[in-house]
Structure formats: structure tokens, C-alpha cells
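One chain follows as C-alpha cells, the form predicted on its own.
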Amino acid sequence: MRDPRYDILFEPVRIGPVTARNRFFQVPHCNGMGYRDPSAQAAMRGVKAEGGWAVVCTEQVEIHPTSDITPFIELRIWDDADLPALARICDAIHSQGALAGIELAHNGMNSPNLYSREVPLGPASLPVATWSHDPVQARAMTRADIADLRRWHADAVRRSLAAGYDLVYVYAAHGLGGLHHFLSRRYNDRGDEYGGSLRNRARLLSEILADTREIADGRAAVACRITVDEMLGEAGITRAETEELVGLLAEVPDLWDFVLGSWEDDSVTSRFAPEAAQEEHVRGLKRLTTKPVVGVGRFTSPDTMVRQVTSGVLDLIGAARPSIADPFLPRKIEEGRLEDIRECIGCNVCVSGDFTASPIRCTQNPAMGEEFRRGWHPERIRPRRSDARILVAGAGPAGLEAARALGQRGYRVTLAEASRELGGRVARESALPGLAAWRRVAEYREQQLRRMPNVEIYPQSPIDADDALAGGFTHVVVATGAAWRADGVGRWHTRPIPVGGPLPVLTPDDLMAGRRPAGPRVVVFDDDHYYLGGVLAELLAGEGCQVRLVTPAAHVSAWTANTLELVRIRRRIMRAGIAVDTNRTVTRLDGDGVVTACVFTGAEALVEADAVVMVTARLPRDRLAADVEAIASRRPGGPLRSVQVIGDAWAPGTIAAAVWSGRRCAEELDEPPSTAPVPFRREVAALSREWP
């Protein structure tokens, strides 16, 4: 069943006192659920173990109230009260035959301690290193503080063993762990035995590793996660220093986990980095230790994975995002089902869950985060309840997923698409600069559908209400998408922008259809604030236009702070020669150009332009549903039982939201309507017994 080329990926790997059943290693990754949704996290991690990952780890787990990174919601191991939640996660991983890893973290200067209100601790007296620039400063740790930290970490190790974990992480990476702050010259300016030389800056890491090994004492493996290069030159951790550090501590941990720079560097989106982009930074470190090495690289190709091992870069194939997009990736490789792999598209929507303190989600895998809440599984779905025939009108992300999941349930499905190509907005947007990987959302679903004998696909088949009713369908699912507005209505303007002249106005739909401005001077008004405004500005600049991007937000593509892209997008915009006006809005159009105004003072300025591109809001294309219902009401007694609108046709959103909407449609079709006020499972904190 398995291609022999991939046999090496399924060799067991010894990690200290435990053995991984293969080389697939789900490295620690956050998920926006943490201590609030432990059962949801347990189900999510358990599904990955079921899918064949040999090691499945938690996210970073705060070891003490001085390591509180609120508003982010991570796991905690502050005291024994946290053990039941941690044990549930561990048990779910073990139930599927995988090793369970826990990443213990004292977040040091990344801990604003907004919940605990404890004073942050770090190697130096500096402001906390948080994304939100909290007006909080860390206190330089004394020797007594260092002794306390070692004791807190030791207690956390003992609790981890009590909860049943097989592998315990010592976390010194990403600029998030306090041990990273001690290692980095960026933060450590101490003059005592914990500062200065690398040996001194690594002293605390060495001591905590030794403490952890002593406590684990063969009961669990000890992993060390460190940053290879902070990408700051001599101002931070360098590759040369990492080589020296690994040389100093080579045989101390049972496993080395190498990461690149900050989280933004280690989880770069596909728009800015290809698969295995970290390889050049990690290559060569494995020769410095006899212990196994794990690393990441958004690995989606089994051949790339094999090369990591055979060329001596890694021993274990680390993954966060690919394990989210397809928890069953290892099993599919093992069973020779490469065509069934849902490849990670590198959009980082999964990361946005952590940044918005909301349950993790995935563009490719709509079941991610819903394993416990709604009982969804990435590979299985309940069988059909009837012999209903279903029409899905529209083959964009929502329609493709609805048709795929309904077909998997066993229903007879007709998928009709007005255009020649399936994919809808995915097909159009994936042709834009940097977004080619997004095409996999459509490609995966199309190839799955074409293997289903119960699904018929009709491209170039626009559907009207008479067509829908004439087909004798039991259910009609309308997934006809949405259209970008040309009148400027969006967040800032809820009424059309005044137009006082013949200035041409284009929409994203126009540009993606091939239309272009007649003249070179173009204003892009971005009131959408996700990726598209910046991408379209880049497209036009690359074609020789003089582009000015205007946005009411403080940053270009402001929401991409949640996908770790904000800095890279702005850098690319600047290098493309695109002028940027932040904190300004378009107020009106006239014959000479675009009038913009400061969002704070209202002061206006004229920008001469030959055209303007409005990236503001979209209007759902939902007319088909209303027409079908209107005609059906005049023809009682027919087979039609329901009309449902999904995806952007229901409420325009992200591609991930559209795919999720398609899955929900398929899950709930023909099912008895829920009478519960909350349509999913949730966990509610128990009231304290200490009252009043």
C-alpha cells in the first residue's frame, strides 16, 4: 500500500526513554482554546494521534502566574487544579497510540500578566516584549528570582509526569520563552554569571534542563526548543551562537527542536516563503549532537520529508500547520493515498485563532476545532438519512465543500457552475501575486468529487429557478458567492461615496477578470483590511501602474496582524514603490481624481488619479434562492423540501468561513433541527467553593 520511497518516514525513532512509532511529530502549537476549552483541545489532539502522528504535543503551557500571557488563551499548569484538563488531553493522545508531549513555558518578558497582575520577570529591566505594546515593564530577575523559576519549572515537570506526559519540553524559542530572553543579547545585558558570554547566558537553560532530566529520570523524554537565528545579526542570537550552544549542551536533552527567529519567521505564509524554507537555517546542526532533531517547514510533500531525513537535516518531520490542514497526513502517506492529502495552503488562518482568542480554524480542514464542539471528524461523516437528490448551485469554496461532504454522506448530488472553471473566488484569487498555493482548496475538492459516482458536475451551467425546480431536486443549496461593490460602501462609509466626475471605478472582480485602468495613476481604497487590497496594489504596481494605497486603518492589510503577515506585507508594498496613506479615507470622486480625508481631523487632500479600485464590501448573490422559493410556493406538492444559502452568498467572509459553511450544510442536511439554545458543546467554568 505504501510507496517504498517513503518507508524511511515510518521507521521508529528512539527519544530518550520513549520511542516514536514513526517520524511524524506534531510540534507544540497554539490553538486559541487553551484552559478555556480543554475537552475541545483534547479531541483535536486525539484526532491527530488517530491520523498517525507519532508524537502529539500541547501548546506552550504557562507554569506560573508570573507567566500569564492574557489575552492569549493557552494551557496552564500553575497548580494541581490544572491537572485534570492536562490529563484529559494526554489521555486522548494516548488513546490513539501516540506519545504525548507538553511544552512547559515561563514566558518571561512576553508575559504582561494582565490576569494575574504579577510583575513580569526577565533578564533585564525592560518593557515587556508583547505584540500589543502593553505599558508594562519587566523587573530584572535577582538570584532569588532565578531560584524561584527553577523551582516553579521543577514543580511543573512533576505535575506533567503526574498527568501522564511522555515528553517534557524546555522552551527557549520564538522570542516568547523567558529562557530565550536570557539567551539573546537583545534582552540580556546582565553583568553576573547569567549574562555576558554565551556560556553565561545559557546557564539558566542548562540548569533547567538538568533539573528536568533529574526529575524525569527515565519516566519521560526531555526536549529543548531553541531559536536557531533571531534574524537580527549580532544584536540577537546568531546561527554561530546556536552551534556553540548545541556544542555545550549536545547530549543533555533527549531531543532538539530547532525553530527560526520569532513566530513570524517560523510560520511564514506561503505568500512569502515556500515549503521547507527553514532548511537552510537548520542544516548542519544535527551533526553537533547524537540526539534526534525535529524541525518544521510547512512540509506537505512526502518527497521533501524524505529528503530532510536522508540528507541529514532532520530525524523527525515536525509540523504544526500541515497537521492542522490534514490530521491524517501520515496515515494517508502510509496507505498510499497521496491524492487524498489536504495540503496546507499556508494562509495562517489557524494562527488567527490564537490572536483572536477564539477556537482554531483552518481553510482546508473545516473540522479543525469542531471535533468536540460539533462532533465533526476530518475524514468521517454520518451516512445519509434519505434518498434525497440535491442541487448545489455554485462551485466556489462553499459549494465544492458542500458537494464533497454531501457526496461522502452518500447523497445524489448535482453540482452546477456557471463558469468554465471550478473554484469560484479561489480560482480567481489564487492567480494573484503570492496566492498560488490557495488553489489547492479547489483542487483537493474537485479531485475528490470526480471520484464520487453519486456526484455529477456541470461546468458552464448557469442555473435559474426554473432549472432548479425542473430537476426534481429535494434540496437546493445556493452557493453563488458575492460581488465586490463599486460604490465605496464598507466599514467607513455605509452609504455610497459621492461621485462628481467620470473617474473610472474598478472592483477586485474587475481586476481578476482582466480589466485594467486606462491610465497609469491608480488609487486603491482598502476598507477591507485583510489581504486583498495589498495584493491588488502589488499586482498593479508589478504591471507598471503608479499606485497609491489609501486605508482608514493604521496599517496596510491591518487584519493580517492575526496571520503574522503585517510586517512582510508592508515591506513588500514599500519595495514595490507603492505610496501609502494610512489613517485616511476616500470621501468623494471627481474628474481630477480622488479626494481623501484624515480620519482624525477630516483635513482633505486631492490625489490625482486615472482610476480608483474599491476594496470595501461585497454583496451576496442570493437571488436564486428567493426566486426558487417564490416559484415553489406557487407550485405546491413538488419534491422540493428546502432551499439553503451558504458561504459568501449567505454572508461574505473568508475562504475558511465559506468552506466551513459548506461542511455545516452537509452535516445538518436532513438532520432533525436542534432545539438547544447553543448549537455546539461548550465547557463552563465551575464556580469557586470559596464564596463569599
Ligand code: ADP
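Here the structure is a predicted model, which is why all the values come from computation and not from measurement. Position 1 is the first residue in the sequence shown; the rest follow in order.
One more form of this protein should be noted, the form predicted together with the ligand, which is absent from this view; the next part is about it.
Remark: all three candidate residues (419, 649 and 658) come within 4.5 Å of the ligand in the predicted complex, counting heavy atoms only.
This chain is displayed without the ligand, yet in the predicted complex the stretch 454-462 from 585-593, 454-462, 180-188, 498-506 comes within 4.5 Å of it by heavy atoms. None of 482, 536, 109, 523 but one reaches within 4.5 angstroms of the ligand in the predicted complex through a heavy atom, and that residue is 482. This chain is displayed alone, yet in the predicted complex one of 159, 475, 225, 425 has a heavy atom within 4.5 Å of the ligand; that residue is 425. Under a 4.5 angstroms non-hydrogen atom cutoff, the ligand in the predicted complex has residue 395 among its neighbouring residues.
Not displayed here, the ligand is kept clear of residue 88 by more than 4.5 Å at the level of heavy atoms in the predicted complex.
Contact annotation for residue 621: at least one heavy atom lies within 4.5 Å of the ligand in the predicted complex.
Put simply, residue 327 is far from the ligand in the predicted complex: not one heavy atom of it is within 4.5 Å.
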